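Single chain ahead, by itself, as structure tokens, in the form predicted alone.
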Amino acid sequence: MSITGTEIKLEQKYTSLFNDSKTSLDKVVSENVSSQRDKAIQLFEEKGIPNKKVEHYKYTNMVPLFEESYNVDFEHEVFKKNLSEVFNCNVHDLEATTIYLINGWYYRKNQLPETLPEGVLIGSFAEFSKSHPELFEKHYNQYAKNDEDSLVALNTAFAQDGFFIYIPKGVVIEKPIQIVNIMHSEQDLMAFPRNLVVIEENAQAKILLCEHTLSENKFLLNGVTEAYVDKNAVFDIYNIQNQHNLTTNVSSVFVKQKQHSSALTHNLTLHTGVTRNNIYIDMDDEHCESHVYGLFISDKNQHVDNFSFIDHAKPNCYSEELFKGVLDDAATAAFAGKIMVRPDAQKTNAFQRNDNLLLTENAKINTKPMLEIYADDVKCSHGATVGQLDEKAMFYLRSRGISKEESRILLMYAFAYEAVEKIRVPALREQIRDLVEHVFRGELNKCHSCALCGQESNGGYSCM
């Protein structure tokens, strides 16, 4: 079914699509997931698609992007090609449990290793919503902010499939879990992937979420991931976005932490059209530790908008936030990071920084780090920098016989280095180092991984 431009209001267009597709939406998921759609679509209709009058979307007007015409697949379509023949997304030397999503739907031919620890669940959001209703009733849609962000509400209204991961009490998953979401269609396509992760007490897991495009059509992804991190649990999630210029990607991640837990989120935007990343961290217990990182590299007319909200709700918690951006040509970006320290959150340590490097006069960044503090016994700081390449450093490198272009690349890499080194998966860190260098050398569109990417397109195929 398609969403096309009409004379009616944009919100009504999506509401009409929802009403016309309700039977198809409910067919594949549990009653619990379906029962929350009506309230979500009502919240969406009240707020509408965010424009620049919405404070959190001040620098990214989503209305023109959602006015485009897209097809929506309400039923799982069989991927006709052999996935192993057209795509290979292996990080060198990375031993991982890898599963695929096709257009946000769980790939039916995924084969999980037989060596997974007892009780670990990895698979389809839709299927597990039916087979494990007790987990979904406890966690699904409990952490997402439907009432604060209309695009999150829109996802809740249309959610059908994605990935589900459950790590039971005391289980440590040594190998990362790699989720590869491939967008591939013969038509312009909109998708609403929904993901749920539950890490129980004393458990540990790392997730690599890799976003790719394998055809030159326009894509709009509006995805939501909810993660519950129980007492003494450790959870890392890395979102690697490497998509062509015709892609709009809205990614919202919500993390709920309990006592003595540790969570890390890292958004790595290497190539995009328009990307909006929302990161919400709720430290709802004492002695939580949170690390929120990001690196975005953009050129041409790409746009990246990172928004974060770190909620220190209880005492004795620690958070560290670092986002770095490198913008070339006429690329634009925005960063808005808010740290909330509530009245009872004494002994809070919270640090936030956003550093940006502009390589041309036409590149632009709007940055807005924020602290809102209602406790008096805290250590908090925030800051932002916007600058160009250091001329003295450039002169030093040139005086050592290094070419101008190579000097430029070295300085850019040195700037990005701190964010790259925050990656806690060694093989992934090495791969990102290599990819970042390719980006700075202007080689990102030269894909070495995908059989489908042997030909150039207007949007450019870009695969990790």
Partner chain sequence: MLEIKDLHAKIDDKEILRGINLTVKPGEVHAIMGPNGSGKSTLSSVLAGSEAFEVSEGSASFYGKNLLDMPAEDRAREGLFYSFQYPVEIPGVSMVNFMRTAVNEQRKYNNEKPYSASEFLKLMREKKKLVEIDSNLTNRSVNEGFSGGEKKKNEIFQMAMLQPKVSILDETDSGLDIDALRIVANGVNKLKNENNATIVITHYQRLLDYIVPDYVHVLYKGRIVMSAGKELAYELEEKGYDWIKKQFED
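Residue numbers count along the first chain shown, from 1. Everything numeric in this text was worked out from a predicted model, so none of it was measured.
This protein has a second form, the form predicted together with its partner chain, left out of what is shown; the following refers to that one.
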item: Which of 65-73, 414-422, 40-48, 26-34 sits within 4.5 Å of its partner chain in the model of the complex, heavy atom basis; value: 414-422
item: 4.5 angstroms heavy atom contact with its partner chain in the model of the complex for Lys392; value: yes
item: Any non-hydrogen atom of Glu406 within 4.5 angstroms of its partner chain in the model of the complex; value: yes
item: Non-hydrogen atom contact Arg398 with its partner chain in the model of the complex at 4.5 angstroms; value: yes
item: Non-hydrogen atom contact Val54 with its partner chain in the model of the complex at 4.5 angstroms; value: no
